[in-house]
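Next up is one chain by itself, shown in structure tokens, the form predicted on its own.
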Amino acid sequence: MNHQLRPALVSFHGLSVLTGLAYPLALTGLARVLFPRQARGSLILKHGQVIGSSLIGQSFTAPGDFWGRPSATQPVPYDGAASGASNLAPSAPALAEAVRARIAALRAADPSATGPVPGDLVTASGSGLDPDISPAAAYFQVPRVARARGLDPAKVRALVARQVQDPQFGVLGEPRVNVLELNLALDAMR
């Protein structure tokens, strides 16, 4: 029995060290060399302080800020520890009611916005943490943000246009706008 147990334990410990320690450490080191910003969480700094990550959304509710997608995380919005969708089917009455309430809130925040409300402003992403909105969702908010900040809407619209990121490699995904980065650029306009 000892003849069979010893090789099994040596293999188990050797593979545990290789796959549980050496491989993850090697990949982490390689990532830090090749992609240093991403390996550290794509953190965004302002005056030397971390204010967020370009990978996780934040809750913006002030009229002078661009708002992101609704967060599905509960009870705290954009809680990375509670990532997940609402699990409501497209046909669920609760989802339809939530969307109606979100549309009403957007209309109340800006009664002059008469066009169709972009879907990403009223539906959460699969993770509930999406930091990006569509260009249409950003442009939809320009009148409210410009009015609240006392800025020329044309200048705010031009700022949004500069913040639009193309699909990755030109083909993966859709054009998008990072809400935190857009609001930081808006703060810098003053």
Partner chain sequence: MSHAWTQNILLLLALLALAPPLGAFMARVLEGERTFLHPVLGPLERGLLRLMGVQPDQEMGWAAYAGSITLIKLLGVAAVFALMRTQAWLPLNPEHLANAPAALSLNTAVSFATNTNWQAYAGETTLSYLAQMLGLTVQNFVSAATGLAVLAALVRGIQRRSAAGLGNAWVDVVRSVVLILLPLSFVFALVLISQGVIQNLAPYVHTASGQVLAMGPAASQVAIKMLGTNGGGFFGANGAHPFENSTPLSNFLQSLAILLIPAALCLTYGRMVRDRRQGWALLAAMTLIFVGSLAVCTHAECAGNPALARLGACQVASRDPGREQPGGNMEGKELRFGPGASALWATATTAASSGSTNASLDSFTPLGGLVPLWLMQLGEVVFGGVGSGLYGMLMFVLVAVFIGGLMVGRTPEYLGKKVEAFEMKMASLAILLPCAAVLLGTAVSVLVPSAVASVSNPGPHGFTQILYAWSSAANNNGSAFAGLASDTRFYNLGLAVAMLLGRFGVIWPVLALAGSLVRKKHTPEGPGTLPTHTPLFVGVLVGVVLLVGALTFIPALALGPIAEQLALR
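Positions refer to the first chain, counted from 1. Nothing here was measured: the structure is a model prediction, and the numbers come from that model. Heads up, when I say rigid core I mean the largest set of C-alphas that superpose within 1.5 Å between the two forms.
Unshown form predicted in complex with its partner chain; subsequent notes refer to it.
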Legend entry - Complete contact of S112, A154 and Q163 with its partner chain in the model of the complex (any heavy atom, 4.5 Å): no
Legend entry - 4.5 angstroms heavy atom contact with its partner chain in the model of the complex for G126: yes
Inset, instruction - Using a 4.5 Å heavy atom cut-off, state whether A108 contacts its partner chain in the model of the complex. - result: no
Legend entry - P143 within 4.5 Å of its partner chain in the model of the complex, heavy atoms: no
Inset, instruction - Give a yes or no for G57: in the model of the complex, does one of its heavy atoms lie within 4.5 Å of a heavy atom belonging to its partner chain? - result: yes
Legend entry - Residues from 82 to 106 in contact with its partner chain (non-hydrogen atom within 4.5 Å) in the model of the complex: A82, S83, G84, A85, S86, N87, L88, A89, P90, S91, A92, P93, L95, A96, V99, R100, R102, I103
Inset, instruction - With both forms fitted on the core, give yes or no for whether the Cα of L9 moves by 2 angstroms or more between the shown form and the other one. - result: yes
